[in-house]
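Form predicted on its own, single chain, as structure tokens, below.
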Amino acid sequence: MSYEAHFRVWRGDAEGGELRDYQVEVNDGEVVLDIIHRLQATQAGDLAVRWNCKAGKCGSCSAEVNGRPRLMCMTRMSVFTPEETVTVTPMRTFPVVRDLVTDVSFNYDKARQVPAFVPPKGVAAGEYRMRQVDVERSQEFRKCIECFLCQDTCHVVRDHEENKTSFAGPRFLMRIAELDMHPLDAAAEVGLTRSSSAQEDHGLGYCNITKCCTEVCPEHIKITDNALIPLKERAVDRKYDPLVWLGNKIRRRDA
């Protein structure tokens, strides 16, 4: 079954823009990205949109569809009624380059600020051995495709531009949690406590666990429950639990 859908697509650049109306053909089984491509081919040849795999694995086609951060290639037209207006806008949290393309360099800056995995001493690369039970907790986080939808929907930076300098966002706090759970990460041996660093250097305290990041994750990663809350708990334990504080003192003295 084919029908004519009413699309509203944001057109513009860093200087400003507007929503423009289009009537576009929709066929069975199509996704929003299909319609955007048809719009490019038939009515708006200069429409800028970023995409790559069209399989929900590259994270390139992130946008906001009817106000919700989504991957356009994974948003089926069947979730909308033929009478419904489908509004497509760029991710609001990041500066617009043109049309649906945004400048996501903020995320790469934050990625560079997260200390990398610290290999254990005396074990050469390729000789690491871990039991599956020890990596199960952090393995979930490796599914991240870096679509940055979680970063886009996080109100800490979405509604407060001034927080961007001190807040890494859920994607990179999850990266810190992953490293903190890694059975071979030897950060503590070089004086780096990852949970404390998350709090002091990457703004973990700004997160108030609304779970909006989890709700928009296309890989269904439980970012809040499995990464951010445990990271917060470890940061609080290390700072305020007297037994943990005493144990850290004893360990440092023995070292």
Partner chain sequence: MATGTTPTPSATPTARRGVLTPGRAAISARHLRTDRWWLPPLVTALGLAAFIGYSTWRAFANSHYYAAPYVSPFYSPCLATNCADMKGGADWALFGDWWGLSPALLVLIFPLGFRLTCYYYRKAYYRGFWASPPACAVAEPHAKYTGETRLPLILQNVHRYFFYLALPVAGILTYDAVLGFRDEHGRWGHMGLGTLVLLVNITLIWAYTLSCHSCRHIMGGKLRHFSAHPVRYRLWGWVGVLNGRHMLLAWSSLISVGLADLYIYLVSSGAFDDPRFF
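Residue numbers count along the first chain shown, from 1. Given the structure is predicted, the values throughout are model-derived calculations rather than measurements.
The same protein also has a form predicted together with the partner chain, omitted here; what follows describes it.
A.B. asks: Just to confirm, with a 4.5 Å cut-off on non-hydrogen atoms, which of 74, 114, 156, 77 contacts the partner chain in the model of the complex?
C.D. replies: Selected option: 156.
A.B. asks: With the partner chain left out of view, which of 44, 48, 229, 33 would have a heavy atom within 4.5 Å of it in the model of the complex?
C.D. replies: Here the answer is residue option 229.
A.B. asks: Contact with the partner chain in the model of the complex for residue 136, defined as at least one heavy atom pair within 4.5 Å: yes or no?
C.D. replies: Residue-level check for residue 136: yes, a contact with the partner chain.
A.B. asks: Any chance residue 94 has a heavy atom within 4.5 Å of the partner chain in the model of the complex?
C.D. replies: Looking in the model of the complex, residue contacts with the partner chain include residue 94, since a heavy atom lies within 4.5 Å.
A.B. asks: Does the partner chain get within 4.5 angstroms of any non-hydrogen atom of residue 212 in the model of the complex?
C.D. replies: Heavy-atom contact with the partner chain at 4.5 Å: present for residue 212.
A.B. asks: With the partner left out of view, is residue 29 within 4.5 angstroms of the partner chain in the model of the complex by any non-hydrogen atom?
C.D. replies: Residue-level check for residue 29: no, no contact with the partner chain.
A.B. asks: Using a 4.5 Å heavy atom cut-off, which of 83 to 91, 120 to 128, 168 to 176, 106 to 114 contacts the partner chain in the model of the complex?
C.D. replies: Going through the listed ranges, the match is 83 to 91.
A.B. asks: What are the residues of 189 to 214, in order along the chain, with a heavy atom within 4.5 Å of the partner chain in the model of the complex?
C.D. replies: Contacting residues: 199, 205, 206, 207, 208, 209, 210, 211, 212.
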